[in-house]
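As structure tokens, one chain now follows by itself in the form predicted alone.
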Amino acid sequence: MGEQLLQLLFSGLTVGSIYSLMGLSIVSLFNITGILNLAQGEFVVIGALIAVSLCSIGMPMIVVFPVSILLAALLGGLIERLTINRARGASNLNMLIITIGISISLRGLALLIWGTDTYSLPAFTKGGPLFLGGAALNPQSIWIFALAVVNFAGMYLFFEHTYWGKAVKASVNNRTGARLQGINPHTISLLAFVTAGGLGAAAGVSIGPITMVTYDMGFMLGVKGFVAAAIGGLSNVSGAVIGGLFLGILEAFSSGLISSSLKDAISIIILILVLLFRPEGIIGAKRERKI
């Protein structure tokens, strides 16, 4: 029984790290632009599928990883210039609807280019699983966890311990003040979407060897990332990580000990409860932005 519980914990930490990466991307973009990006899951898919195409022509993973991130980041910037930037000044609801439209468009693009086939990616390192306490740990899980830790550390240090990070967060509510400090909100928005695209691709290439890759897997990943961000509070970087890990572990144990059919239902139930009773997030207290 102990080995089974440890195996479920390893599985939950792996899945939770994926959700944390999604949550971090959503939180970072929200902190910088004030936009809730519901298309983030599609950047994960596009990045992973680009990696599939690059691997198919014989390119090694050590090159595939950065090239996929670069191409997805450029796509993120292009989408921002063609959609978000042109709608600047629109209401939050309109921006939300635009991101939904972006999500549908990217999913359709993936379907047209790569079809409905299921693809796989090679693992970052070769070799079998590691055995700890009688439970197997996939080496790729360690890479995913490490990526989540690096992203969290970078974002936390930027937003909480640098002048520019705090100024960028404040500029969401006061664009005039941002311009007086030499911050161009339009440039910051572009860089935010470029970063979101790159982060999504990094997550997609990392999880591809474990989850397989399909054109439509981005929707549920986006939902899980939003739930992770909502648990921690949409402006709380550390909360997104904790929320993602909590959600992943909860899903793993409920699937393993009760029923696998509860996996997606649990995420939706948690999201509804958070939005109804604590919209500022369960983990982090609601914080007011100050200029």
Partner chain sequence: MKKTTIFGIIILLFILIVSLVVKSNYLFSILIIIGLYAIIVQGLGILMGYAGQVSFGHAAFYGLGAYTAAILTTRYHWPTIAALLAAIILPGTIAALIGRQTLKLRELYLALATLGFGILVFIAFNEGREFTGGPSGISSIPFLNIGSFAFDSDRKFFVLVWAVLALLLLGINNLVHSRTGRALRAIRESEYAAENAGIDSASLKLQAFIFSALLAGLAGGLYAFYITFISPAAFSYHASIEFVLMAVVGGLGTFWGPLLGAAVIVALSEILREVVPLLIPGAGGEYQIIIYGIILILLMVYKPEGLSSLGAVFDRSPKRAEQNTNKQ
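Numbering follows the first chain given and starts at 1. Predicted model only: the values in this text are computed from it and were never measured.
The protein also exists as the form predicted together with the partner chain; that form is not presented, and the subsequent description refers to it.
Contact annotation for Gly233: at least one heavy atom lies within 4.5 Å of the partner chain in the model of the complex. Taking the partner from the other structure, the partner chain in the model of the complex has a heavy atom within 4.5 Å of a heavy atom of Gly101. Using a 4.5 angstroms limit between non-hydrogen atoms, Phe226 touches the partner chain in the model of the complex. The partner chain in the model of the complex comes within 4.5 Å of a heavy atom belonging to Ser261. In summary, among the residues Thr118, Thr162, Thr125, Asn92, the only one with a non-hydrogen atom within 4.5 Å of the partner chain in the model of the complex is Asn92. Contact annotation: of the candidates Leu74, Leu96, Ile210, Leu130, the single residue with a non-hydrogen atom within 4.5 angstroms of the partner chain in the model of the complex is Leu96.
Every residue in the set Phe30, Ile269 and Leu275 has a non-hydrogen atom no more than 4.5 Å from the partner chain in the model of the complex. Only one of 130 to 138, 196 to 204, 108 to 116, 144 to 152 lies within 4.5 Å of the partner chain in the model of the complex by heavy atoms, and it is 108 to 116. Taking a 4.5 Å heavy atom cutoff to the partner chain in the model of the complex, the contacting residues in 75 to 89 are Thr83, Arg86, Ala87.
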